[in-house]
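Laid out below as structure tokens are two forms of one and the same protein chain, each shown alone and named structure 1 and structure 2.
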Structure 1
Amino acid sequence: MSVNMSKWAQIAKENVHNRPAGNGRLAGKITIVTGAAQGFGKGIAEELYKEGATIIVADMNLPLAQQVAQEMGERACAVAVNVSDEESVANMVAETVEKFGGLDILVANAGVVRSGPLAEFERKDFEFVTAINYTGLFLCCKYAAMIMQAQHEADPDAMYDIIAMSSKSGLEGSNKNFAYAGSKFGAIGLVQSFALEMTAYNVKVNAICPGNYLDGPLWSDPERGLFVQYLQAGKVPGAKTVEDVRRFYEAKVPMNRGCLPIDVARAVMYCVEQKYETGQAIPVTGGQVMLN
């Protein structure tokens, strides 16, 4: 590991009260959103920016991330990251501190899906999902923690947030989608465990479990989207077309629509604003999944 994180932790400590200007509920909050060049991540990042946050648009697709950051405005910048690569994650956090002086919120949103029947599923696909959704979450939290712990030492009263994007599939199993569901269940286990440790540093660690963003590229991409994957995997009995699959999933939701980025962004803002919850997995599912 070539990144000297102790250097960046010291810089963050020295700049703990030096935050970018902004207006809104998240004014001045330096925020990394991973997987923010498209889909849920992009929508979440845009909503947080509107509320005054300074946004690091972190994504493997740097040109697209740069475009998104430019469209947001001067309090946003793009950083390339592969969350499954430790040095890449360390660089992402170092670049954030270098540019803005610290880190207040990590939204660990980057995720991938591979689905298919158990007897036919390939190990390489299982390991790919695990590397991004589970190991990648660990790495992002690890390097965010280094900075947040240093900031806590400089200002013991300040509070910070790590927010993992789990899924409704982290709350209940998902037919022929076990690699994804398993990684999202695992994410909640990490969140609960990190929360117990990080409360000593005034870092709240929570998970958000969105329902299906049916209009986003994860679902609607015409070649690799989940509508196509689920149709090919036979996950929806009797489905003949992508539209059949969509209607099947809409019908599962009492509110009769998919989840939208603004729904998730509101949950993120709740996590940040509240002062008395950590280690929670918050469903944002339109009533599709209800906690017992």
Structure 2
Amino acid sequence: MSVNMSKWAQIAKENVHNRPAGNGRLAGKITIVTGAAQGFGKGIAEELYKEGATIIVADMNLPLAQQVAQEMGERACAVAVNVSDEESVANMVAETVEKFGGLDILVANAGVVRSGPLAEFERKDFEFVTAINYTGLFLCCKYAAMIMQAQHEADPDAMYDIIAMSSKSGLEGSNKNFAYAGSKFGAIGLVQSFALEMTAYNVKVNAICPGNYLDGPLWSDPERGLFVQYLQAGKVPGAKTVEDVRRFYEAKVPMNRGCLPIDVARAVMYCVEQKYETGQAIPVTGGQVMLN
């Protein structure tokens, strides 16, 4: 490992009271959002930026991340990261401290899906999903913890947040989508365990479990989106058009629509603003999944 993290932890410690300007409920909060070049991550990053946070748009797709950061404004910058690669994650955190002086919020949002029936599913696809959604979450939390623990030493009253993007598939099984569901259940296991350890450093660790983002690229992409794929695969009985497939999925939600980035961003705001909850998995599903 060529990144000298103790150097960056020391710099974060020295800068704990030195935060970028910004107005709003998250003024000054230095925030990494992984997978923020598109989808939920982009929407979360934009909302937090509007609330005064400084944003690191961290994504594997650097050109798109740069475009997103530029459109947001001067308190945003793009960083290239592959969350499944330890050196790359260390670099992301080091670059954040180098540029802005510390780290207050990690939104570990980057994630991928590979689905298929059990008897046909390839081990490489299983490992691909696990490496990004599960191991990648561990790596991002590990390097964020190094900085947050150092900052805690310098300012024991300050609170920090780690927020992991799980899914409604982290709360109940998902048919022919077990690699994804397993990784998202696993994310909640990590979150609960990190939460127990990190209270000692005033770091809250929570998970958010969104419902389907039906308007997002994963579902709505006209060529590769799940609506088109499910229509072609005949997964929805009687469906003749993409709209039929869409209505079928909307009808599963008591509130009758898909989850939107603003819904998830509001849950992120809740995680940060409340001061008495950690280790939770918060559903944002329009009533589709209810906790016991």
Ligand SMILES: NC(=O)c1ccc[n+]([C@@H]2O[C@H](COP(=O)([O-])OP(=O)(O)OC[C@H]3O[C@@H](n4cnc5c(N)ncnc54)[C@H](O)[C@@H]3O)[C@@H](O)[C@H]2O)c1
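On a predicted model such as this, the values are computed, not experimentally measured, just so you know. Residue numbering: sequential along structure 1, first residue numbered 1. Throughout, rigid core stands for the largest set of C-alpha atoms superposing within 1.5 Å between the two forms.
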Where's the form predicted on its own, in 1 or in 2?
1
Looking at the two forms, between the two structures, where is the hinge between the rigid parts? Pick from V89, H152, Y213, L171.
Y213
Going from one form to the other, how many degrees does the smaller rigid part rotate between the two structures?
18
Superposing on the core, what C-alpha displacement does L226 show between the two structures, in angstrom?
3.1
